Every structure is written in structure tokens, then in C-alpha cells.
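Below you will find one chain, with nothing else, as C-alpha cells; this is the form predicted on its own, and questions on how it binds or moves follow later.
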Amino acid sequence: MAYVILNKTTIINYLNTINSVTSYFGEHELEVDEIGDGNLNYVYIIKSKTDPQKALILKQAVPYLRCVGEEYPLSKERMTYEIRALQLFTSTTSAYIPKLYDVNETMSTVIMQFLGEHLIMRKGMIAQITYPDFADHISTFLAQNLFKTSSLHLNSTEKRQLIDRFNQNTELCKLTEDFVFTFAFMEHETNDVSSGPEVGSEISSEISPEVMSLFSDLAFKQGVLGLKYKFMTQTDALLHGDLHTGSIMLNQDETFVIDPEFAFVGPYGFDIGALIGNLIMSYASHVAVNSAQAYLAWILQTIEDVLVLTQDKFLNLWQEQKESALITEGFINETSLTLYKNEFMLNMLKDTVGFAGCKMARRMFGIAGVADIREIEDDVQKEKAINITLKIAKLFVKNYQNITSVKDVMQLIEENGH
């Protein structure tokens, strides 16, 4: 069928044309509710009227940026790349991807498992819920997908085909270039300048000192330019593209990664950095509101574990791989290869830190803040959370090339996270 924008009235008729969905629901009478609160797409829950736990999620891309409206056109084909990423991630790490019931690139729709017993991680962390297995789960997702979509695993033809399959996701890559690496660090109408005008208005003389400090920090901006260039030019592996605590749903036993509409082939450190940056922002928020020391310790341990476990699991996969686009067996001896691998992993860690800094800083005044900080009601506590975040973010961006170990990263967080 031709593309049409679905709504609560038309969705059930659309579902009745899909065998996997009608088979799932059987004779149940259905009801539809819109539940999406994201920036890009519409999300609906379809559930049985008699058994609400029998439910599926339908997500559709529309030809504009949802959080702004039809005056900001955006190609609906972005859903094509989310569909392809979900399918590929399912093939490598199915335990961490919701079950797919139907995908339709023409309609820009995905119908998937309803995660009714899971919570958006950001909400869980605001509520001070700990997730003991999260670091193990997400490090497996990261290591498996980053390694198996790279030239360390694929042959040359496979890698170039992968790039061709994903790197026309140009509009969303441009959004990242603009809103993660550019607009958030300069005078721009999309910024929230805190004590100044409201979002969407002209920057005025009321701009806050914190904003001015960020906008005028030229050493920081030089670091951002280097990282932006890496984002635009490196084709290391398939990335989720927007991996933060709002795109993860989990409980004590399971972790699911959702919403990879920003998927593209880019630098290894970008996804890891995005996640680490969001965990640090959560940490800053909990420091500011005087949360229990045990919870702060859990966040710090989780950050360290994600970094260490991702590196270890990636290296283990590499150890098992004898031939790839990069390595031909017999080309180099094990001692020299080990030295190369150690340098390789250190560079990945450095980039992770730099990208984490960009992700953190851009959330403070840019168009898309994080609830962890923006929903703090006490102004003094909110300002403290912002200042902690910016302090760490600036240090990360300015010093990421000097990082030598995960210990260095944790030291920067702990020494400046107060």
C-alpha cells in the first residue's frame, strides 16, 4: 500500500492486513492509544480490550520533526534505517532487541513487542532503581554489534555493502552534526539559555553566565570540531546513533535497546560515549539532589563496568577472529598484533570520552534536555547539576586525547562530580 499517516482511527484497519499481527491477537477486540513522547516519531500501543497485557507497539515516522511540527520537514525514510538496524541487531544480539512482528519500509512502520514489564532507563534512574545486570547486558550489545559490523570481522565487500545500506541516513546524521556538535554551543534560536528567553526565541542580553562560559570556550570548541570531524568521516561500525538512557527499556532481568532511527556507520566511540555521557548526567543530578551514597556508588560502578566490559568483550571477539578486511593471517606476529590491538582500544576509549563530553554539554542548553536535570524543581540543585555536568563535559572534550585508561576517566568524574 502507498504511504499514509496512521492515526488512532485507521490503525486497526491497517493491522488487519498483517497476518503476524492478526495471528497474535486472534479474536480479541482492540483499542489504540498514542504513547510516544519522543522528538521524531509517533508511537502507539495496540492492546486487547479484555487482556491489556496482550499488546504490541506500532511506531511510524512522519515527514516532519514531531517535536517541532510540519514546519520542520524531515524525510519519513529515516524509519528505513531504524528497520534495517533493528533487523541487523536482532541477528547479532536478539536478547537485547524487542521482537519484531512486522516492518514496512514503504509505510515507515515497525510493529514490535510491548515491553509492559520494563521501564525506560532514564525514568528508572530518576527513581533511584538499580539494575545489577545492566552493564553486562549493554556491554554485550555494544561489543557484539560494534565488532561484528566492523572491518575487524567483515570482509571488504561486506563492509562496503553495509556502508551503502546505512549511510544514506543523511538527514538524521545532519541533525546530530547540528544539534550535538554545533548549535548547542553557539547563539541559536533552538537553545534554552536558562535565565534568558524561552526556547525558540532570540538570544538576548539576559543570557546566563553558564551559557556564555560554554559559548565562549574556544578550547572546548576546538575539541568539538575534532570530534565532529570524526563523526562525519569515520566508518568504523554500525551505530545505534542515539544510545542514551531514554532509548533503553529494562527491568532487573532484561535489557532492551529501542529507537535506532539515527543508525549509520560511524566511529566506534560514539554510541559508548553517548551512553556514558547520559549515565554521568544522571550521576550529576543525583549528586545535586543529595541522593543516597549507595546509589551514587552504583552509577559510578556501572560507568566503569560498561567501559571495561565493552573493551574486554570486544577484544575477546577480536582474539577469535583470524581473518577480516583488516587482518590477513600470517601478516603480523602475535606480539606486534597485541600491541596494535592495545593502541586500537585506547583510541576507542579516547573517542568515547570525547563524544561523551559533547553529548553531556549539548543537553544543558540545546533543544533536547534530559529529564534527570531539567525536571529538578529546586533551582539551586538544578544549577548544581548543570555545573557538574558542564565541568566534566568540558574536561572530557578538552582532554580526551590524553586519556590512558578507564581509571583516568573515573578519576575525572569523581574529582569533579561534586
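This one's a predicted model, so the numbers in the text were calculated from it and none came from an experiment. So that there is no doubt, residue numbering starts at 1 and follows the sequence shown.
Another form, the form predicted together with another copy of the chain, is not on view; read the next lines as being about it.
Proximity to another copy of the chain in the predicted bound form (heavy atom, within 4.5 Å), stretch among 293-301, 158-166, 91-99, 122-130:
Of the options, only 158-166 has residues within 4.5 Å of the partner.
Exercise for review: Find out whether any non-hydrogen atom of Ile327 is located within 4.5 angstroms of another copy of the chain in the predicted bound form, and reply yes or no.
Suggested key: Yes, contact at 4.5 Å.
Contact test in the predicted bound form: Glu177 vs another copy of the chain, heavy atoms, 4.5 Å: Output for Glu177 is yes: heavy atoms within 4.5 Å of another copy of the chain.
Residue-level contact is defined here as any heavy atom of the residue lying within 4.5 Å of another copy of the chain in the predicted bound form; does Gln252 satisfy this criterion?
No - in the predicted bound form, heavy atoms of Gln252 and another copy of the chain never come within 4.5 Å of each other.
### Query
Is there any non-hydrogen atom of Lys221 lying within 4.5 Å of another copy of the chain in the predicted bound form?
Yes, Lys221 lies within 4.5 Å of another copy of the chain in the predicted bound form.
Please identify the residue among Leu346, Leu337, Val287, Leu309 with any heavy atom within 4.5 Å of another copy of the chain in the predicted bound form.
After the contact test, the surviving option is Leu337.
If you check Gln87, Thr235, Ser75, Gln113 against another copy of the chain in the predicted bound form, which one has a heavy atom within 4.5 Å? It is Thr235.
- Query: Within 167-186, which residues have a heavy atom closer than or equal to 4.5 Å from another copy of the chain in the predicted bound form?
  - Reply: Sequence-ordered list: Asn167, Gln168, Thr170, Cys173, Lys174, Glu177, Phe181, Thr182, Phe183, Phe185, Met186.
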